[in-house]
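Let's start with one chain on its own, the form predicted on its own, as structure tokens.
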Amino acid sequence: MTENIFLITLVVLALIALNTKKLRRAVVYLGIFSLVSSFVYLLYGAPDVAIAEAIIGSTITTVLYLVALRKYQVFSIFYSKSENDHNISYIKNNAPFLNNLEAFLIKCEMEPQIIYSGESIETILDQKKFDLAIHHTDQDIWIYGCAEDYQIDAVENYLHDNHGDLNIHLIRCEEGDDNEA
């Protein structure tokens, strides 16, 4: 009976790890999966394998994956210009604000992934997964970010300190399925 409970738990943890949206959570679920599998090895009379699985699988591997994920932070930025200007090469060449923001994010050890979009900002906010969504009009720059994201505070401080002359509006969205990057 105990074996069946552990085996069902393994299947459930594997499915949760495969279907989670955040990579960090998947790594944690796999660490728990490994710990439960070490108990299964104990039940089947393999204590040496159980100890190796507990030390290597659930501890060392989980920590290494979490450290690697911490080092590699992709920061997705959707950038859209006003409706009358969809020329991407023009946007790239005339966006020093965006180039400075990209340099700041690189300095903060993040990897900015800038997606120049011709779609409307409403479409981006409704359908895309992003860390920042930037809409640039002739007079204003509208920046949308997740309220729970700690990088938004750093971006806000950077923009306030270095681009105070621009008319920038920072809007913090609630985290949901649509803007969870």
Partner chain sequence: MTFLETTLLVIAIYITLVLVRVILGPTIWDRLLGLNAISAKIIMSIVILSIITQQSYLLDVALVYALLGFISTVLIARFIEKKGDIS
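For clarity, every value in this text was computed on a predicted model and none was experimentally measured. Residue numbers count along the first chain shown, from 1.
The following text describes the form predicted in complex with its partner chain, which does not appear among the structures shown.
Residue-level question: is residue 142 within 4.5 Å of its partner chain in the model of the complex, judged on heavy atoms? Close contact is absent here: in the model of the complex, residue 142 is far from its partner chain, nothing within 4.5 Å, heavy atoms only.
I'd like to know if residue 113 sits close to its partner chain in the model of the complex, meaning any non-hydrogen atom pair within 4.5 angstroms. Although its partner chain is absent here, residue 113 would touch it in the model of the complex, with heavy atoms inside 4.5 Å.
Within a 4.5 Å heavy atom cut-off, is residue 169 in contact with its partner chain in the model of the complex? The answer is no: residue 169 has no heavy atom within 4.5 Å of its partner chain.
Does residue 54 reach its partner chain in the model of the complex, with heavy atoms at most 4.5 Å apart? Yes, residue 54 sits close enough to its partner chain in the model of the complex that at least one of its heavy atoms falls within 4.5 Å.
Quick one: in the model of the complex, does every one of 28, 38 and 59 get a heavy atom within 4.5 Å of its partner chain? Looking in the model of the complex, the three residues 28, 38 and 59 all sit within 4.5 Å of its partner chain (heavy atoms).
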